[in-house]
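What follows is a single chain, given as structure tokens, in the form predicted on its own.
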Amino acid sequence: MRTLYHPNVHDIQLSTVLYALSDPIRLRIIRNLAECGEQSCSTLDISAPKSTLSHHFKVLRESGVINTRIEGTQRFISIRYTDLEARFPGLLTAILQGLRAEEHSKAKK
């Protein structure tokens, strides 16, 4: 069975995390995971081709933002909250708060 690369917590770099979170689709993935918890890749409600989503999952995983757990033929993804908080305290919280504030201001318009 193929193993997926997940960086060690001490190898997670700020520039790589910020790059991974610079894409709107990847931000939607993170927002969705933050709201719903661990999910199967196939259950995320994001309209994009499967190959595009696979690429975004890989970028997030290899940057250390998400964890991918394989169970049978399914892949379950979750945010690496503890690892990100250990490396960059408050970063993920600030990003998620910013996303919520952005959505709230869009809803007001």
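Numbering starts at 1 and follows the sequence shown. It should be emphasised that the depicted structure is a prediction, and the values quoted were computed from it without experimental measurement.
Separately, the form predicted together with a further copy of the same chain exists; it is not shown, and the next lines address it.
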Site check 21, 90 and 102: each within 4.5 Å of a further copy of the same chain in the predicted complex by heavy atom = yes
If you check in the predicted complex, is residue 79 within 4.5 Å of a further copy of the same chain, heavy atoms only?
-> no
Answer for residue 27 alone: is it within 4.5 Å of a further copy of the same chain in the predicted complex, judged on heavy atom distances?
-> yes
Just give me the residues of 36-72, first to last, that have a heavy atom within 4.5 Å of a further copy of the same chain in the predicted complex.
-> none
